[in-house]
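Only one chain is shown below, in structure tokens, and it's the form predicted on its own.
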């Protein structure tokens, strides 16, 4: 089948100034929408470094420098204080926030849970959930309006429920989704007090408003762990899922299992951060396809020709176009829009001196749209990720899952899940943006659509499986 070459579509981006903001403007933007702190210069220069009101700062978009921070000299770069102040109230000292030996021990213990073989074993459950959710959406009448962001959140939670916590999440998926949304909209906001390094005992409005979500997570995790331990104590066979593996996980070097605190922190991390990032990536993918009929036609044709809805294996190799679209969506709208580290000792990056204590910012949102690294950087063009082109992209110019030793442990899980959900859904329905719906983007730890994503459903012609 031949497809016409379509004009490139330029989706919404955060507003940019010509030059970097001053101190007051930066504080205001961080509280309102951190994406707005980036200026045109950040998307044009490979490095910006200097002393600011908040201390030494470096914004890095040079792939070789990114590699040095995250891989070659990773031991010199720890998570910075602002990042930890934002994340730890909800995620505790889990894999995402732990440092030093604590992090190394957790990573060693948890790595087998996401081995290629283990991830592949989750594919049948992912298919069952995605198929059922696609059936549910397809059951709506022609022309029905759905909240695509909420639907993607629900399906991502149901995948977690059937793969990682197969006895259930101890709460309705919709309750979890509401709690996660409240968490990111409250605690996920960057407080000026955190940026200024104010003591933790000073109250942050976001943390006060987020207490309800934290209490919800704590109670749910207690119930999840309690139910599984009761099952094991009864002598029954425990499901071979992530929760059982977490309870049995042990550091291969020391033989020690996870502490109770680390166990709870990682369960919250996998439920909260794991579901949110995948749901957002799927939402942005559906939006971008709704605005690019030519690419949507290619994806639909590929799914119709090569995806067997009854085959419960990983479909990634059969769907290169769908995978390219998904990766391009994460380029334009990376689930984690900013990554940051603090230099422990002096270093040099791309010819620039980095004093000890410098906060090094490597925002994927900037890196993925940098004019020196990408042609038509702000345009939706999945062809850059098709076989033959994908290999030309520098590994450290595209980091939707991070990089180096701390690369997201669930990367393969998320990619497999995303493609399975897209294949089942887009094989059944077509989704168009609701006329007049405003599409904005906002950073609340993850990169979310500001106003949600209302879309109009159209059934596709049924095809034989």
Ligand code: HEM
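Not measured: the values here are computed from a predicted model. Numbering follows the first chain given and starts at 1.
FYI, the form predicted together with the ligand isn't displayed, but the following is about it.
- Proximity of 114, 402 and 407 to the ligand in the model of the complex is complete: all three residues have a non-hydrogen atom within 4.5 angstroms.
- Although the partner is absent here, residue 306 is not a contact residue: none of its heavy atoms lies within 4.5 angstroms of the ligand in the model of the complex.
- Although the partner is absent here, residue 335 sits close enough that one of its heavy atoms falls within 4.5 Å of the ligand in the model of the complex.
- Residue 180 falls outside the set of residues with a heavy atom inside 4.5 Å of the ligand in the model of the complex.
- Put simply, residue 164 is close to the ligand in the model of the complex: some heavy atom of it is within 4.5 Å.
- Listed residues 283, 93, 277, 292 were compared with the ligand in the model of the complex; 277 is the one with a heavy atom within 4.5 Å.
- Checking 37, 58, 414, 425 for any heavy atom within 4.5 Å of the ligand in the model of the complex turns up a single hit: 414.
- Comment: 263-271 is the region of 317-325, 263-271, 226-234, 383-391 lying near the ligand in the model of the complex, near meaning a non-hydrogen atom within 4.5 Å.
- Taking a 4.5 Å heavy atom cutoff to the ligand in the model of the complex, the contacting residues in 76-115 are 79, 83, 95, 96, 103, 107, 114.
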